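First, one chain by itself: the form predicted alone, in structure tokens.
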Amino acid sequence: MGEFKVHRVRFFDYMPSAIRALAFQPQREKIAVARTSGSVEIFNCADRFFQEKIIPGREQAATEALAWVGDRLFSAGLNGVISEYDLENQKVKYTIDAFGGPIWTIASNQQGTHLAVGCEDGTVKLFEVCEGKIQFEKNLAKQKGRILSLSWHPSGSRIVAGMMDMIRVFNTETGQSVHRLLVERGIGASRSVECVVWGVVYLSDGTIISGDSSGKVKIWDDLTGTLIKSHQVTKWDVLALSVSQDETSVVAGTSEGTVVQFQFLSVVLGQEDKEWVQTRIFKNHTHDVRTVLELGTAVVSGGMDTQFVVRPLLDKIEERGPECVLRKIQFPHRSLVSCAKKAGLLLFQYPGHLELWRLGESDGHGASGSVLPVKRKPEKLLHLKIKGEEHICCSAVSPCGEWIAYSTVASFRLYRLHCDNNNVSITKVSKLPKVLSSANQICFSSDSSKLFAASTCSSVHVVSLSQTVHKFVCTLKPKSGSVQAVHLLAASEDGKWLASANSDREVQIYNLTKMKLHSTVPVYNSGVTAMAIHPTTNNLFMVHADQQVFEYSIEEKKYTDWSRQVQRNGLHYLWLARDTPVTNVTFNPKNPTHIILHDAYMFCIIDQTLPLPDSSSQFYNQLTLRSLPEKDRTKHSHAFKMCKTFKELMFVELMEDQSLVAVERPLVEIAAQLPAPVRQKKFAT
């Protein structure tokens, strides 16, 4: 496998934001996730819940609720505005003020014609969904308290609203209230506290299901306006509800971190009479579950502990496969760390600022696994705070460490760094080409003479960098005409090639000598999560969301023999069963047959000279393998060398001096920064 001097970096204090809302688009099997930072993420359920897009947030613009209308995504928040997103270019398309104060909830009807928002001033406002915009239609009858939750009847003729101490049913045609359902407050001391209806669901048979702050899930009949049944599921709040598409299952998220499932079942065997019965409790969160989705084959939840959890419902899955895996997604599916290999610098991307660190140095050599004495400690060279409210969407540092670039949705910035021993200064480049208004991805050439910025419609702008003048060279465009944004860029070591990958799963290879498209890699049915161009062979190595690996010869415009062999033999089931995507690929120039890649829980060296693992092979950790006798070690030797020594990994890269940088972010450190969960009485405490 090879030995490396490893920099174990733990000074990247990445802290994900809490999840506030989820919304499911059933036709395209996409989930939108809103976080308290204001960012919105798009996950593809059909592609192993790969995080395809990230729309950066803004300061003081937290999203409270999400709603899909066909392929269009809308959000609303406590700033009182409704936003529609431009999903192709990953930014807000426009905003419109609802003029009702803070907005607590948003919901769309099944017909895709109207949006309803619940406001602080007690109004439910209806907006007509038109082409390219939304238009205010009318207010429903105004109430005294704020509207906290909404749900449309599948027919679109009625809408139910959750409030303080009550539930209102409105006729959407007349705008008048049809029913007022009074919600019982808690018992004892909590009788003096208002009962908050956090979630409501309106079923096609007229049943209304509510979840409230008294910890109850209640079943109502909208025909008579009466309570049918009440389930006490927690001592704390029921914060969210979701119903399956066939309306046979409802899930509820609670403040205790549990998700409770109810199913519509026959209580007596052989009889047709059915009722809602509590069937299962899932405990996958440590804090409040603020939002849930019932997808039929899985329950998706998120909340204050920042985890995006996919819990499979095994009784609904016919075949064992990737969809049977419990997923807890905490890190983004793209790198937030950029590395200057030649200068020994690391650039960390936070929402509102960048940090530049110089790696430390150690004395001498030691035995494998030993800790070397530190000669020079890691040093923070720069803290670059951005101006304005927009959050950073991408950033990069050049290999020589002289240039730093970042982009928000509205602006692009380039800085020149001057390092003279312990003196560090930075100069903003004022005169940039006008095409660099913003970028979705940034990359530098290996000699730091060119800057590549991914723009709209999968195009890439090329800018030459020098000490004095920065010239726009050209714009590289794909022939496919894709409107999707580029999420990955990879430049070759010799400066001849550039590869780009977009959300349409297209990978384009450009010739930087001729400045034109060279070839397009055959489209595979899974998104690219990481890719890099080999420094000696100029082969493009790609890893996809379904864990498949491909090696493409750029010069010959075809897959390599090794790649074809991998596809013929198939990858090992343990490799394919991993539930986190590979987020970075790099190479070892001293061992050209070694490919280094990592996901959140391991890093792996693929040795292309060794045979591929067969179905009987085991993926041993290298420290475990080293402890085995020589005979057993040879028996278990294959191309995939796994290392699970490190804590949760955000970045792994091989520096020019052959040292390995591993940026770790242990989950226990993230959990330590979370607010305290609700207190739960435990036995003998």
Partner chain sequence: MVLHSIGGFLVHKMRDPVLDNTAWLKTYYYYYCYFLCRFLICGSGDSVKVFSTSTEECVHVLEGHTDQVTGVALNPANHLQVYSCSADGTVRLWDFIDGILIKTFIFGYPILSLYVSEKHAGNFQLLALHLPKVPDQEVEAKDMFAVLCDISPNPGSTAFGQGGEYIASALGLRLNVYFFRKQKTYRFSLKATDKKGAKNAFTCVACHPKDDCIATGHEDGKIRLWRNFNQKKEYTYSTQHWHHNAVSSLCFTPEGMHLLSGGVESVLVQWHCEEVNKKDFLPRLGGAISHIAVSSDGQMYCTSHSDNKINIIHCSFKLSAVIQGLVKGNIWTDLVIDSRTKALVMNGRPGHLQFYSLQQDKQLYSLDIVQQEYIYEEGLDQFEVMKAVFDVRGNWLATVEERGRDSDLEFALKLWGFNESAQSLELNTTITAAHQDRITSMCFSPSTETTMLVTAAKDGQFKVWLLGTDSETQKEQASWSCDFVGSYHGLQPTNCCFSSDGSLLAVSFEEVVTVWSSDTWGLLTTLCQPPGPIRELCFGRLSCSKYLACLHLAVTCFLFDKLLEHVFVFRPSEPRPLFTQKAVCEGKVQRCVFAPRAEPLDSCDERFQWLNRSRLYYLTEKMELLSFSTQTEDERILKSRKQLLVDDSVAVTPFYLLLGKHRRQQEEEDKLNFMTNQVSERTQHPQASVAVKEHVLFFFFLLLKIIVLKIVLFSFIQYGTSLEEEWRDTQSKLLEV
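Numbering follows the first chain given and starts at 1. For clarity, every value in this text was computed on a predicted model and none was experimentally measured.
Form predicted together with the partner chain: not shown, discussed below.
Contact annotation: of the candidates 614, 272, 315, 173, the single residue with a non-hydrogen atom within 4.5 angstroms of the partner chain in the predicted bound form is 315. Taking a 4.5 Å heavy atom cutoff to the partner chain in the predicted bound form, the contact residue among 513, 467, 279, 423 is 279. Annotated contacts: 429, 435 and 461 are all free of the partner chain in the predicted bound form [non-hydrogen atom within 4.5 angstroms]. Mapping the unseen interface onto this chain, residue 234 counts among the residues with a heavy atom inside 4.5 Å of the partner chain in the predicted bound form. The partner chain is not shown here, and in the predicted bound form it never comes within 4.5 Å of any heavy atom of residue 523.
For the chain shown alone, residue 268 is a contact residue for the partner chain in the predicted bound form, at least one non-hydrogen atom being within 4.5 angstroms. At a distance threshold of 4.5 angstroms between non-hydrogen atoms, residue 229 is in contact with the partner chain in the predicted bound form.
In plain terms, the part of the chain that comes close to the partner chain in the predicted bound form, with a heavy atom within 4.5 Å, is 279 to 287 out of 301 to 309, 550 to 558, 217 to 225, 279 to 287. Taking the partner chain as positioned in the predicted bound form, none of the residues of 422 to 457 brings a heavy atom within 4.5 Å of it.
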